[in-house]
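Single chain ahead, by itself, as C-alpha cells, in the form predicted on its own.
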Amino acid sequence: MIIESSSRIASTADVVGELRARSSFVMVSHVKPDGDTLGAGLALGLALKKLGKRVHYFGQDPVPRNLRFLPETEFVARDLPPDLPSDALFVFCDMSDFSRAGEFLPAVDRENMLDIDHHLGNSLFGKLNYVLETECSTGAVVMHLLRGLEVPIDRDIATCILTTVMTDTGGFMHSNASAEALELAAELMRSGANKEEITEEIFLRKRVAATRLLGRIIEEMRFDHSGHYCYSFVDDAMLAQTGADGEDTEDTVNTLRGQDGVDVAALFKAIEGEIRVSLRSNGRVNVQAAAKHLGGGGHFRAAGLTFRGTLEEAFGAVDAALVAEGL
C-alpha cells in the first residue's frame, strides 16, 4: 500500500464528485469492528446502491453479535470478488490509518483510497481525506455526503447512522452528545430509525457470560494516583472461567471510569497473545494523546492501543503515558 499522505482535507463537493464518478466500491471496516465503522460503511454502501453502484463490504473480523441487526451485515466478508474492477474505490471508515483495516486487506493503490473519519490525528492516507474532527461519529460525517448525493434517507440508512451516533456518544451520555448530535438523532428517528431497538441490541442485551466476566474484571480493579486512576484486566483464563469471549469485554471500561473519584480508566485485554488497551477519561486527561505515545489513537476522552510486551509492562507503560498527559 501507498503510505504517502495528502495534507489536504477534501471538501464535501470533492468527495461527492468522486463517489458519483466511480462505479464500484469496497466499504472497509476496521479490525474488531464497532458500531461506527460498520454503521458508517453500511449507510454509505446502501446509498451508493440506490444510485446503481456496485458495493462490497470488507471486514477482517466477524460482525459482533450485538451489531448483526444492522442491514447488510450478512454481506461483510474478508474475501473480495475476483472480478472487482481495478479502479474500485476503497472507502475506509472510522480509522486514522489504513493499517487498522488489518493484514488481510489486499494491496490498494492510494489513488483508490477514500478516508472518512472523525478521529484526532488522522494520518490522511487517502487520495481524498474527508475528516471532520468536530463530528460525534464517522456516521455523522457520512451524513454530509448523503445529503450531497441527494439520496433519500430510508429506515435502513437511518438505522445505520443512528447506530454510529449512539455508539460513539455512549447512548448520548458522553460529552460529544452535542445539540447537533441530538438534532441529527431526531432527524434519523423521523426517517424511521428505531432508537429503542438500537438501545436494546447494543447497550442492554448482555449474555450471562458477559455479566460473569464483568464481575471478574471488577474483582481485579486497582486504583492509583489517589483514586483518580482505575484499571483492570481480562485474560484468556478469565474468559475460559466465565464462558465469555472477546466481544463480551466491550464497554466494560466504562464501568471502571464510572467509579467514584475516577478521572481515567483503562482495561487491559490480554487475549490470544495480544494486549489491547481501552482508555476512557472524564475530560481532565487527554487519553488520545496518551495512547499516541504508545502507537495508538482515538479521541480526547476515549482511545485505545495495542501493546507489545508483558501485561505488567503494559501497566507501567500506560501509567507513564497518562502521567505525561497530566494524570
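From 1 onward, residues are counted along the sequence shown. All values derive from a computational prediction rather than experimental measurement.
The form predicted together with a small molecule is left out here; the points below concern that form.
Contact annotation for A302: at least one heavy atom lies within 4.5 Å of the small molecule in the predicted complex.
Proximity of R100 to the small molecule in the predicted complex falls within the 4.5 Å heavy atom cutoff. By the criterion of a heavy atom within 4.5 Å, T306 is counted among the residues contacting the small molecule in the predicted complex. By the criterion of a heavy atom within 4.5 Å, N66 is excluded from the residues contacting the small molecule in the predicted complex. Only one of 38-46, 56-64, 258-266, 273-281 lies within 4.5 Å of the small molecule in the predicted complex by heavy atoms, and it is 273-281. When the small molecule is considered in the predicted complex, only one residue from S96, T242, N112, T159 comes within 4.5 Å through any heavy atom, namely S96.
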